[in-house]
Every structure is written in structure tokens, then in C-alpha cells.
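For reference, the chain that follows is the form predicted alone, supplied as C-alpha cells.
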Amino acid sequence: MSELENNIAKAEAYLARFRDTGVLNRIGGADCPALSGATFDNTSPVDEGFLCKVAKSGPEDIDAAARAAHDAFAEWRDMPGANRKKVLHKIADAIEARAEEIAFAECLDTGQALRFMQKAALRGAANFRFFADRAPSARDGQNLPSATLMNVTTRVPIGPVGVITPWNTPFMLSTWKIAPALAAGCTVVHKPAEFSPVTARILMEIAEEAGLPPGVWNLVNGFGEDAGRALTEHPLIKAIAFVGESKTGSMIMKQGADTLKRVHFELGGKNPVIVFDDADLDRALDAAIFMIYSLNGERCTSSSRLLLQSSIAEEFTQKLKTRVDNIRVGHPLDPKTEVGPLIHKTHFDKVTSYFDVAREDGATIACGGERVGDKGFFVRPTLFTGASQDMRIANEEIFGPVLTALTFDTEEQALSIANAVEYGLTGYVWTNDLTRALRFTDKLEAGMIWVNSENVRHLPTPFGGVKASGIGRDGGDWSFEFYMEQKHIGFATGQHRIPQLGA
């Protein structure tokens, strides 16, 4: 048996129980089908084959989950931070113990390559450990004395929150949102993306087996127009943390307006990687390729626009084409695979539609631009050259293994092109001129910028974008700022003069 065949057998064994039971909701510590009895089929992007049935929830299921989270809130809020820390560390331990199961299930459910999913579970455990260690100090505040008062601040958890996570790296992103909410003392209603429900269920099981009290974390499956909308409109849910498309974020903000929901959005991107002629070109090439073609290009921080200084553009592009043509496309459970299938036919159709758009706009398809095989949703890694910033391929988020290359002559021109889109999540700048790097990053419209580096995530730093790429920041204390309310208490230090009316 080959390594691929062995991995497929393991993955099928891990998913066998879901074929029998389906993916159920988990509300108040109990397994629940949708109250309507409705389900939908979950299929694999690898071969379009059936994986399992999933509860198709509606407003009544969200209402039950929100009430469970509400009922569990006071006890979880008042639990000492040191105790929450212990529970979250146990969750991290259990994630590590089941890392292979999580990775294999995610590969079949999402099409992501095993070489990346092996690390996704461990990153999820790291997220829980990071915020577990901060749980005891989550309520810490400041002492701000004045002439007449001792002013102190503290933070309190905001209440039950809704978390809506996407289908790209769903396990890791679920931990990234839910761990700080739990550490802060909030309770959670989690609605995972309908295209990737399996590992959310595994994570839910892990949490309760690790000792998380029933109702603190509730899982409700379903579609955005039904379960998602009910969650964003529910009056018991005090905040919504969402990762996904910018248009969906706008809809969620409108839906939550009547109940004055606090929102945190990590949305789309059309991120530039800008390569100046004085850069380390070999390292820049490695980073540009990695940041667009890893994770099937289905990542919000992908470097989907390559801006090359004209003097090095031809040589750089030739090396780029050779590398892109060598990227291994294949079964996600094959350890040699670098790019697997796209998540779903709907997304596959969207990504491949841009091949015709590129031709219509007058760009050149230098690599790829075609389907691989006739089964599953595989796409050849694609490179568009000869592009200009007025083309759709240079402005719209494609969210696949598709790179658009442009050229510039001057620093001012590069900045103009980089800032010409509606998004502002990340930017990558390659130059060995320190003063240029300082000038350029100061004017670049992005929430996160890396200089002479790919995206290297450091958990204490703020993660988020500007413009249409999001609202708010994750990471470190920024996460607690979202999931908690600030409270000020002023203690009089003496008998200061109080104005007398009507005396």
C-alpha cells in the first residue's frame, strides 16, 4: 500500500462515524438534529463524493443555542481566570492528541494539502495555549489617579457571542476566534461554513471532553441565509466575530444594526507584494510563490498581486513561470502535493471564470488557466502577465491559486498601484533600502505589512485590515478589547467640593 493509499484509508476511518450519524448540532451539551429535521449533503472536493449529512439549522435552532449560551454565561463569566486557563490548556492537549485525525479530516473536507494541514491542528492548539495563559489577567485594568479620585478600570466579558467561521483552514480559524472569547469569559454560538463542517464538530467534542461546561460553547450548522442571519439578528447575542467575504460582512453589519451588535470582521484582500530592484530576488521569489499558491490560494492574506520594478521584471517573471509550472497538483492526502482541489463547485466556477476575464481584458495567461482532470475541483496554478491595474484581475479577489503580475518604474507608481484597490489587509515589500521601506510602509494602505518576509504570524501582534478588508483586530490584548467591555470606577479620596443646587 502506498503512503497516499494508507492516508486515504486512515481518513476514511476517521470520517466513518460521520457517515453513520451525520454532523449534528451541539446545544447545551446535547447532540441535536435541526429542529425541522432538515439536512444537507457534505461532499469532498477531491472526487465530489458524499462525505456525510449535516444538520440544516434555522432560526429556531439558533434561538435554542443562544438561550443555552445565555444560561451558561454567568457561571463561566464568574469562574476564576486560573480555572478557565486550566480548561483551555486541556483543550490544547486534546487537540495535539488528535492532530492527525483533524488534519486528515480537513484534507478530505476542504481539499487542503496535508503538508499544510499537519500544522493547522498544532497552530490551533497554540492558539488555545496563548489565550489560556492570558485568561487570569483578562480583567486587569489601569490605575488612573486624579486630584480628587482614585480612578481604576477593569474589563468584563461582553456576554454570549456569535462566531461565524469560513471554509478555508476552518479548524485553525475556529480556534483563533473561539479561544480568546472563552478566555475572556464569554460564551459562544459557533456557526461554521456549510462547505466544511467536519472539524468544527471534532473541535466541539474536544472542548467538552476537556471539561468545558455544557452550554458555554454551542455548535449550530447551516447556511448563512438561515442560521447565519438568525445568529446576527438574535437579541441575546452581544457581538459577532466573522471571517469571510467583504459583501457578507456588510450584510452582517446591517442585520445586527437593530440590536446594536458589536462586530469584528476579517474580510477579503487583494494584497500586493512589491519587489524593488535592490531586493534579494531569490528570497522574494520564494515568498511570492508561497503566499499565493500555498493553501490552494484560498487565504485572505495571499499575495495575489505581484508588482515588479521594470528593471528586474523580465528575469523575475521567467524564473517565476518555471517554478509555477513545477508546482505539484494532486490528492490532498499525498505528502508530495502542493496544491489540492478548490473547496466546492461554486467556488471552482468563480475562480475559473477569471481565465476568460483575463483574456477579455488583454492579459496573458503565462501559466495554468485550466482545469486538472475531470473529477474533483482541481485547477492548474495560474499566472497572469501583461496586466494593468484597471483590469478586473488586478482589482477583484479571486481567492484561488491565481497570481496577477504588474510592473512599475518608480516608488511613487508602485505605491499608487498598491493602494488602488478597495481592500487593505496585507502588503509585502521587498527592498534592502531601509529608508525606502520606512517611507513606503508608512503610506501603504494595509493593516499588516511584512518587509523582506512572507506572512509570519506572531500571536501577540494585531491581525486585521483596513478599508474593505475588515474592522477590528485579533491577537494579544486586541482580542480581549473586542470580547470585553471596559468599566471605569472612581473612588473619592477625600471630601472634594460638590456643587450645591437649591441649597
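Since the structure is predicted, the reported quantities are computational estimates derived from the model, not experimental observations. The first residue of the shown sequence is 1; numbering continues from there.
Not pictured, yet referred to below: the form predicted together with a small molecule.
Visitor: Has each of 193, 242 and 255 got a heavy atom lying within 4.5 angstroms of the small molecule in the model of the complex?
Guide: Checked in the model of the complex: all three residues contact the small molecule.
Visitor: Counting non-hydrogen atoms within 4.5 angstroms of the small molecule in the model of the complex, say which of 372, 281, 149, 251 makes the cut.
Guide: Of 372, 281, 149, 251, the residue with a heavy atom within 4.5 Å of the small molecule in the model of the complex is 251.
Visitor: Since exactly one of 274, 182, 425, 383 fits, which has a heavy atom within 4.5 Å of the small molecule in the model of the complex?
Guide: By the 4.5 Å heavy-atom cutoff, the listed residue in contact is 425.
Visitor: With the cut-off set at 4.5 Å between non-hydrogen atoms, does residue 229 touch the small molecule in the model of the complex?
Guide: Taking the distances in the model of the complex, the answer for residue 229 is yes, it comes within 4.5 Å of the small molecule.
Visitor: How about residue 130 - does it come within 4.5 Å of the small molecule in the model of the complex, if we only consider non-hydrogen atoms?
Guide: Looking in the model of the complex, residue contacts with the small molecule do not include residue 130, since no heavy atom lies within 4.5 Å.
Visitor: Can you tell me whether residue 224 touches the small molecule? I mean in the model of the complex, with a 4.5 angstroms heavy atom cut-off.
Guide: Residue 224 belongs to the contact set for the small molecule.
Visitor: Can residue 463 be called a contact residue for the small molecule in the model of the complex at 4.5 Å between heavy atoms?
Guide: Residue 463: yes, in contact with the small molecule in the model of the complex.
Visitor: In the model of the complex, which of 363-371, 88-96, 193-201, 113-121 comes within 4.5 Å of the small molecule (heavy atoms)?
Guide: Answer to the contact question: 193-201.
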